[in-house]
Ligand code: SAH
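In structure tokens, the next block holds one chain alone, the form predicted alone.
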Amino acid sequence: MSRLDTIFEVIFLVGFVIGSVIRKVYTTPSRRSKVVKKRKSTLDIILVGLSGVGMAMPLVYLLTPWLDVADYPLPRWLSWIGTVVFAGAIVLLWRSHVDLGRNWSPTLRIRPEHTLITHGVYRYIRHPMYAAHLLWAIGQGLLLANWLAGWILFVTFVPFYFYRKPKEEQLMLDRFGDGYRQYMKRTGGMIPRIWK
């Protein structure tokens, strides 16, 4: 049986390629910039690596039969919901990168030209890329009917988020002080703040 035997596996693969291109386009200029302040720990490296495994395991699933033992039946209607969630993740990932521009970095770092972005999607939430990755993880689980390949990103992303978010917010507070405190009061983390 060929692995790309359902429309949902094809949808996932196409979305994976689009998401990878978005990330590559914005990562390359970021790595060339001078860094003023950087925070990186061993745990950070481990958690980033585990999230990388969570992103790569679906490719192993799609290209080999090695993970077939973890397949399970998934209703098509759930997979269609997964398609919408996954598409939302890709759009949010793209929009987040566009709004951040050269301010984005794959690691916790501040550059001399770093500015506080509060427009676009950042007008509503402080961590749209994390929100995009959470949506991606849920969409992946609903598109790939495999306990390992489908849900591994969710399992690896959650500890990464809870470890990284406070460190990132502290870095922003150190850099932008009261401006960032005020920004935190009027925006949500990954979900827009409905009440002020």
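Counting begins at 1, following the sequence as shown. The shown structure was predicted, so the numbers you read here are calculated from the model rather than taken from an experiment.
Unshown form predicted in complex with S-adenosyl-L-homocysteine; subsequent notes refer to it.
Partner proximity in the predicted complex, defined as non-hydrogen atoms within 4.5 angstroms of S-adenosyl-L-homocysteine, places exactly one of 139 to 147, 125 to 133, 42 to 50, 65 to 73 at the interface: 125 to 133.
The three marked residues, E9, L13 and L59, fail to reach S-adenosyl-L-homocysteine in the predicted complex, with no heavy atom of any inside 4.5 Å. For the chain shown alone, L100 is a contact residue for S-adenosyl-L-homocysteine in the predicted complex, at least one non-hydrogen atom being within 4.5 angstroms.
In the predicted complex, no heavy atom of W80 sits within 4.5 Å of S-adenosyl-L-homocysteine. At a distance threshold of 4.5 angstroms between non-hydrogen atoms, W104 is in contact with S-adenosyl-L-homocysteine in the predicted complex. At the 4.5 Å threshold, heavy atoms of R95 stay clear of S-adenosyl-L-homocysteine in the predicted complex, well away from it.
Contact residues in stretch 108 to 124 (any heavy atom within 4.5 Å of S-adenosyl-L-homocysteine, taken in the predicted complex) are L108, R109, I110, H114, T115, L116, I117, Y122.
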